[in-house]
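In the block that follows, a single chain appears as structure tokens, in the form predicted on its own.
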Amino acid sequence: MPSPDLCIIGGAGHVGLPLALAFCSRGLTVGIVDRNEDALAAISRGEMPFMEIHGEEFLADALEKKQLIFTSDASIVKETPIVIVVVGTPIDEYLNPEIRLMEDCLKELVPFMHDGQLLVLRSTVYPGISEWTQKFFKKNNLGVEVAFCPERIAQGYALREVFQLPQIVSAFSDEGRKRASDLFKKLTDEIVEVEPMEAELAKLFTNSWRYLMFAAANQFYMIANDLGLDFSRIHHAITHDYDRASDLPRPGFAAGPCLFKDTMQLAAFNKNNFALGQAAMSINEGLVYYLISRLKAKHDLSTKKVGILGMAFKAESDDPRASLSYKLKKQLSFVCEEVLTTDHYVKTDDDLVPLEQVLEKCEIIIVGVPHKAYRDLELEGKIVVDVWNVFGKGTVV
């Protein structure tokens, strides 16, 4: 088998795999390096381990052309000029950045890296991690060019957006920047070149801005709801044929593996001084408690069975990571007779029950995620909490 043109560390995940398939579609051979042996086995059989539009089509084409190499052995990076790392920096229980995963990853790679390689950091990182990585290789006497080129795709739509969006490219030398630009020009014509810290902040600012927008929508919803008003009607009045407000999102659970985490990383980076982001966290995370408190004010929940429709972190997704539906489930379990959960796509939660069981047993139905599959449900006689306005009835809690 030929040596790969590039290797992606963490290549079986939501960021790495679509990127690998995108490069394969441009004629490159890609090494997918990942510790998840089950995911590697599924991919090698032509099965996407998660939902991704056009994923199976791209994967089938790459497998047919023998453009993918699957391994959990990091030594394969010896054979490639380009290494892309999609390991990011999560936050710990104190809402501070945790760089251990990145440090462990680089330590594992060092014995197999060599002078002249290009290492691209692709996932969101804490500001300064790119420079720390550059110094890490210098300490280990390796002449490796380090670039930070953040992904900005919407999960599930990567194989569309990676070809449409401008690619942000940064590096610590002209040579590194040129090599990274040449690499991503294989995917898109438009490259935006900035300095590494600028690129790191661009990604954090982008996700924090989105989180702030959701917080504004959720705060507006709570104000209107407290007045007994249908916020969906107000939202329509604000946004209908009015460009300056057209980007106001609808209210709902602002969750997932990125927005909250990156907002907190930005706060930590700025000496815990990010009042807007911290207020947004209070509003978005607090929406769960708000809904429960409103229900408790009107109903004796101790005698009620409650069903949650949707446990993924967003609509039309099978990814439950950091979904606020689970926070809702946990808090409801303290005050309700029983809480049942279901999801049209999620397959990794053994506690989920069929939709029919939820509708049969539960007096209260809460829409956790606005999957399209729920739009035509018959909920006559149920107490419905529908922040997302899935049913178009503007339910006031």
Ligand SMILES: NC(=O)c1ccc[n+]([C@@H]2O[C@H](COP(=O)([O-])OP(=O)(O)OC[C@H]3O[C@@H](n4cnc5c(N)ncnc54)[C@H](O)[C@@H]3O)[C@@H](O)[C@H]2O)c1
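In this text, residue numbers run from 1 along the sequence as written. Only a predicted model underlies this, so the values are computations on that prediction, with no experimental measurement involved.
Just so it is clear, the following notes concern the form predicted in complex with the ligand, a form of the same protein that is not shown.
Undergrad: Can you work out which of K361, R35, K347, K65 has a heavy atom no more than 4.5 Å from the ligand in the model of the complex?
TA: None of the other options qualify; the answer is R35.
Undergrad: If the cut-off is 4.5 angstroms on heavy atoms, which of these, I191, V110, A202, I153, is the one near the ligand in the model of the complex?
TA: Spelling it out, the residue with a heavy atom inside the cut-off is I153.
Undergrad: Quick one: which of 121-129, 178-186, 191-199, 272-280 gets within 4.5 Å of the ligand in the model of the complex, going by heavy atoms?
TA: Going by heavy atoms within 4.5 Å, the stretch is 121-129.
Undergrad: If you check in the model of the complex, is K305 within 4.5 Å of the ligand, heavy atoms only?
TA: Judged by the heavy-atom cut-off of 4.5 Å, K305 is well away from the ligand in the model of the complex.
Undergrad: Do A22 and the ligand come within 4.5 Å of each other in the model of the complex, heavy atoms counted?
TA: No.
Undergrad: Even though the ligand is not shown here, does I82 get within 4.5 Å of it in the model of the complex, heavy atoms only?
TA: Taking the distances in the model of the complex, the answer for I82 is no, it never comes within 4.5 Å of the ligand.
Undergrad: Using 4.5 Å between non-hydrogen atoms, is L301 touching the ligand in the model of the complex?
TA: The answer is no: L301 has no heavy atom within 4.5 Å of the ligand.
Undergrad: Though the partner is not shown here, which residues of 86-113 have a heavy atom within 4.5 Å of the ligand in the model of the complex?
TA: Stretch hits, in order: V86, V87, G88, T89, C105, E108.
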